[in-house]
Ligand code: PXP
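Just one chain follows, in the form predicted on its own, and it is written as structure tokens.
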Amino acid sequence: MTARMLRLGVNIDHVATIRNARGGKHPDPVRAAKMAAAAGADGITAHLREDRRHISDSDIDRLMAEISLPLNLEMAATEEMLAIALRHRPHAACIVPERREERTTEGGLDAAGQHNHLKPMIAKLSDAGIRVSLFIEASERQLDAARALGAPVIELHTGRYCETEGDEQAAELERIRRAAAHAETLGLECHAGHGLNFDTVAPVAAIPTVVELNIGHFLIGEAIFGGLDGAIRRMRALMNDARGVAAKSA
């Protein structure tokens, strides 16, 4: 069985977080996006939050104008963010839950419980040629809801898997595997991300029905010690090795 290509999306939010800690223009997230492209990333992800705590509107303007890789705009399901997405028309828009007080995205979107709110938003994004994904927990109920909403892509939240150990981590990984397989039966493209690092990426990368991983915070942190280029290249190699092993055992 030939292995399906596994794409790497690099989230550059926390380059902007460091910049914003002091103000000014350095470090530049657009420069980081260009470096990620040179190091082997397949796409760039940026989350424009309501409070603009990291990525800013001008960052999105520049990313759309200056990078050659597809841009995945992470956004809350609000009218403000919908208008911004429709104005810029990025390659993809990933709808995520967002609470002002959280440090990072905690848990997945309740696609099942927010059907009536999400349905027209997804339709407008899709009509504009934007590929919509929903950032959800690895549950059949949420996957079925994504399918009913007309979103062609889902991204499975891997945070709990990354935060646990031993039997609990193994159970979380199995839950992700089952969800990825269910996504395939529904005709949904399956992505995964949140909290992945050098130690946790391989088992998720080895799941044959996952086609894209989105990784950011760890890569930006690791860049402090060994450079962004090296961090991305090592992550890319770990993903490739894991997918190769999966192909041989299939």
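Just count from 1 along the sequence shown to find any residue number. Small disclaimer: the values here were computed from a predicted structure and weren't measured.
What follows is about the form predicted in complex with the named molecule, which we do not show.
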**Request:** Answer for A92 alone: is it within 4.5 Å of the named molecule in the predicted bound form, judged on heavy atom distances?
**Result:** no
**Request:** Tell me, yes or no, whether G193 is in contact with the named molecule in the predicted bound form, where a contact means a heavy atom of each within 4.5 Å.
**Result:** yes
**Asked** Any chance I215 has a heavy atom within 4.5 Å of the named molecule in the predicted bound form?
**Response** yes
**Prompt:** Within a 4.5 Å heavy atom cut-off, is F135 in contact with the named molecule in the predicted bound form?
**Reply:** yes
**Item:** Proximity to the named molecule in the predicted bound form (heavy atom, within 4.5 Å), stretch among 178 to 186, 207 to 215, 36 to 44, 57 to 65
**Value:** 207 to 215
**Message:** To verify the annotation, which of these, A145, V96, V153, M121, has a non-hydrogen atom within 4.5 Å of the named molecule in the predicted bound form?
**Reply:** V96
